[in-house]
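Just one chain follows, in the form predicted on its own, and it is written as structure tokens.
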């Protein structure tokens, strides 16, 4: 099957491309390389350097004629979205609408859209299920939620199928040290320089960390499952930043004390996913233990491979 992956040169997208190729699919990557890296796209995939806002996107989708589009292109940073909401909306909303419209015009069978738990804002209850009220507290979260709405509407109007996957805190090799789950990369980079992790606030804030290869596998399953479903993707396990820091030190062989800094402004205190509907509709659950994922991430950065 031919799959078009937007953002396929980036962190999560490149892992998905690797998995798609390994399972026998033909892959076309569309990425403007603003944060993605050409070196992360295998030679066996076709790379088109293009922004999803480009007027030529429709012609590209028509000429490539993919069966499914996996849409991961985004400005995946809450702070960046706050600083530059116009660009965030341009990519996250206008670019997504441009892509969805091109998919419909070209007869694409399905779109798998990478959304985010950021659409919920501060949780009203835990764990967070798909029916939790949506009150995004950043332009990034709002743009993700808006794109979800457009995709659902377009499916109603045109009959195109979709699966919306809302990612929790994804971590793993190739990740840059920004964003929510970028704390894993930041800790790894400091430990490999012999420095202690710096924990913001008291470190008791919690997150749901899920390994990038598990996320790639969910996208693979969604190619032909969970049609017209909106699903939360997470491990279902709550991990504090203190736990993350101590485990990272243990894996790295660092015996020094942790350092603490000021809390991050307006940071959500706790977040964890209810993964039950995802297991029911997609047949997916997180499989990589946190300790294993952290060890593999640290080994990646220790190897000196550029993220």
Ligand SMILES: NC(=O)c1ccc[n+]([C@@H]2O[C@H](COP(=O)([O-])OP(=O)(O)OC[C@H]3O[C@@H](n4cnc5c(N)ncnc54)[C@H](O)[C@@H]3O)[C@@H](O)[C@H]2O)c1
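Quick caveat, the model's predicted, so the values are computed rather than measured. Residue numbers count along the first chain shown, from 1.
The same protein also has a form predicted in complex with the named molecule, omitted here; what follows describes it.
S.K.: Candidate spot 52, 140 and 167, all three in 4.5 Å heavy atom range of the named molecule in the predicted complex?
M.R.: Every listed residue reaches the named molecule in the predicted complex, so yes.
S.K.: Have a look at 116, 185, 235, 163 for me and say which one sits with a heavy atom within 4.5 Å of the named molecule in the predicted complex.
M.R.: Spelling it out, the residue with a heavy atom inside the cut-off is 116.
S.K.: Within 4.5 Å, heavy atoms only, which of 286, 9, 20, 294 is in contact with the named molecule in the predicted complex?
M.R.: So the residue touching the named molecule in the predicted complex, by this definition, is 9.
S.K.: From the candidate stretches 243-251, 43-51, 278-286, 265-273, select the single one in contact with the named molecule in the predicted complex, where contact means a heavy atom within 4.5 Å.
M.R.: Stretch with heavy atoms near the partner: 43-51.
S.K.: Is there a heavy atom of residue 81 no more than 4.5 Å from a heavy atom of the named molecule in the predicted complex?
M.R.: Residue 81: no, not in contact with the named molecule in the predicted complex.
S.K.: Does the 4.5 Å heavy atom contact test between residue 99 and the named molecule in the predicted complex come out positive?
M.R.: Outside the cut-off, so no.
S.K.: Does the 4.5 Å heavy atom contact test between residue 72 and the named molecule in the predicted complex come out positive?
M.R.: Flag for residue 72 set to yes.
S.K.: Heavy atom to heavy atom, is residue 76 within 4.5 Å of the named molecule in the predicted complex?
M.R.: Residue-level check for residue 76: yes, a contact with the named molecule.
S.K.: Can you tell me which residues in 32-55 come within 4.5 angstroms of the named molecule in the predicted complex, by heavy atoms?
M.R.: Those in contact are 32, 33, 34, 35, 36, 50, 51, 52, 53.
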